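One chain is shown next in structure tokens, namely the form predicted on its own.
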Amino acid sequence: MPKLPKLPAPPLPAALQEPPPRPGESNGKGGPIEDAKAAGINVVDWVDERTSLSGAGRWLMFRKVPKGTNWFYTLGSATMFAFLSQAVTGVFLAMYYRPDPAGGAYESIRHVTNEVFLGQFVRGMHKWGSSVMVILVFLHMGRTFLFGAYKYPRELNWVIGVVLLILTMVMSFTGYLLPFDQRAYWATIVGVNINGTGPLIGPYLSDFLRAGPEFGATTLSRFYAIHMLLLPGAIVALIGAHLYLVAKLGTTAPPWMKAEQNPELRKVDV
């Protein structure tokens, strides 16, 4: 007797059928990588639904870049990276540092350098990174000035950049005393005396830095508090305002691109 062909199974009722996965979800049949990807998307969607950060992220990250942008425009990002490196290495150094002028400060630095695992490497990153940050700040300010990026409507951003430059120099000055060796001690005395020669606020500024009329035990604590608490907070706040204005106003094209777009600017009246 010939075999009858197999008939397809009747479809399940709609109530018993497995619903198709929604966008960003997995049906469990794509493997662990797809499941992990879908889980990450779900977490991001969950956070974004409650915070609406995606709009702010698009506003910050996606913007028009002027023609002629080159590597000179990365000096600001490099400076911010140097500051983040200083912040991370500074936190690790603060875990071992003791602002004690009676040998504790110098001994804690010696302990970090010679005995703590990777202590010399972290201290070297912090020490030389401060010089790198100062150099990058000056280069960034010079590029901004030469490219005319301080003009309308970016005057406020230029003022914030000047304040950040001053705070960076003060950060380097206050951090120089913290090892509390002979070089740091006498260099800081010279620096504070130079500040005292300034007009009007010079003597008051010197008294504030010394924490009194003379260089004493509380001077190191004053420098440590300024270096670790006051200046980093002010720099973070100003960097936030600086980035906001950069995202809002955009960046300027190089001056030679403006001259090419407007040939009349290159004409000289005789």
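As the structure is a prediction and not an experimental result, all values here were calculated from the model. From 1 onward, residues are counted along the sequence shown.
Omitted here: the form predicted together with a small molecule. The next part is about that form.
For the residues Ile194, Leu146, Met80, Val132, the 4.5 Å heavy atom test against the small molecule in the model of the complex is passed only by Met80. The stretch among 69-77, 102-110, 124-132, 85-93 whose residues place heavy atoms within 4.5 Å of the small molecule in the model of the complex is 69-77.
Across the proposed site, Met141, Trp158 and Val162 without exception bring a heavy atom within 4.5 Å of the small molecule in the model of the complex. The closest heavy atom approach of Val246 to the small molecule in the model of the complex falls within 4.5 Å. Contact annotation for Ile239: at least one heavy atom lies within 4.5 Å of the small molecule in the model of the complex. Contact check for Gly250: a non-hydrogen atom falls within 4.5 Å of the small molecule in the model of the complex. Contact annotation: Val137 falls within 4.5 Å of the small molecule in the model of the complex, judged by heavy atom distances.
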